[in-house]
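Shown next as structure tokens: one chain only, the form predicted on its own.
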């Protein structure tokens, strides 16, 4: 199978990630911080090293690294844990349903309103538009750094400056950008950064991260933390108060190795993704009946439609006739499709990562050309 659905999850993992998961399921198949025996202590030390690595890479502190079940859980914690009754939030059409449905929930429970910004012709949100829509009760800006539909990447540094100037919380959805883009939370004035471990960091599924900077959240899950066990009220100190229950040890250890792999190979990863995506865009733009909604080679995301062919049918043909795995439909981001008038049939998405080969891209180009000209 030629796998080109890496924006959903990276299929092939680095060898170091696989080995670390095996260790987690054998040697470290125990609970840290719940016991004082030697192996539990060693595991606690490894988990702390993971927090340290993330803190150093994203310009944060180890205690501000909160492990979650994925980017969806991270976004829910960030949005619900900081919710202000009768408040106002600014966001964009690029947001995933993890954001949109959470905001809809807050409309009902907290009387929160939100403004949705649209992009310019290049798919970019103007930072100046954010300033236009700030109200007296605005308290947060939520930005999808890189769109999982079009690959459009936003200027979070400029947006962060506006948020800081207006004393607004800045939440960045890094599901698609982390692993590709180097994000400095201090430099960009980011208060909350959400991470999906299984995409650009090549970790296993079921693990995510929320990184906190200069904000106090309220927990949304309550239970055992391994600390303050004499108290029945949930602690709110980071990270223990926000990691109730048994930790996903295989996920955390795979995340540690995944980030180490990215740090070591960052330049090679980005160069390869850029060149393959640029080549793909160049070729697809020359195929009749194909419309492309992506214009940047940095993200590895290319979405398109073929005239008079449903996106699901395109993906089905690519799979059944060419053994190529792509993604079709709305990609859990309906407002993007409403904006681009593709809500009915969706888009077909090709997404590239470090393990994609040039002959994979050549084969998918030839397959799309045949489908489009049939």
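Numbering follows the first chain given and starts at 1. Every value quoted in this text rests on a predicted model; they were computed, and no experiment measured them.
In what follows, reference is made to the form predicted together with another copy of the chain, a form of this protein that is not presented.
The three marked residues, 48, 64 and 82, fail to reach another copy of the chain in the predicted complex, with no heavy atom of any inside 4.5 Å. Comment: 238 to 246 is the region of 155 to 163, 291 to 299, 238 to 246, 133 to 141 lying near another copy of the chain in the predicted complex, near meaning a non-hydrogen atom within 4.5 Å. With the partner omitted from this view, the residue of 227, 285, 216, 186 that lies near another copy of the chain in the predicted complex is 227 [heavy atom within 4.5 Å]. Proximity of residue 348 to another copy of the chain in the predicted complex falls outside the 4.5 Å heavy atom cutoff.
Taking the partner from elsewhere, residue 39 is found to have a heavy atom lying within 4.5 Å of another copy of the chain in the predicted complex.
The closest heavy atom approach of residue 353 to another copy of the chain in the predicted complex falls outside 4.5 Å.
Another copy of the chain in the predicted complex comes within 4.5 Å of a heavy atom belonging to residue 11. Shown here without another copy of the chain, the chain has no residue in 284 to 301 lying with a heavy atom within 4.5 Å of that partner in the predicted complex.
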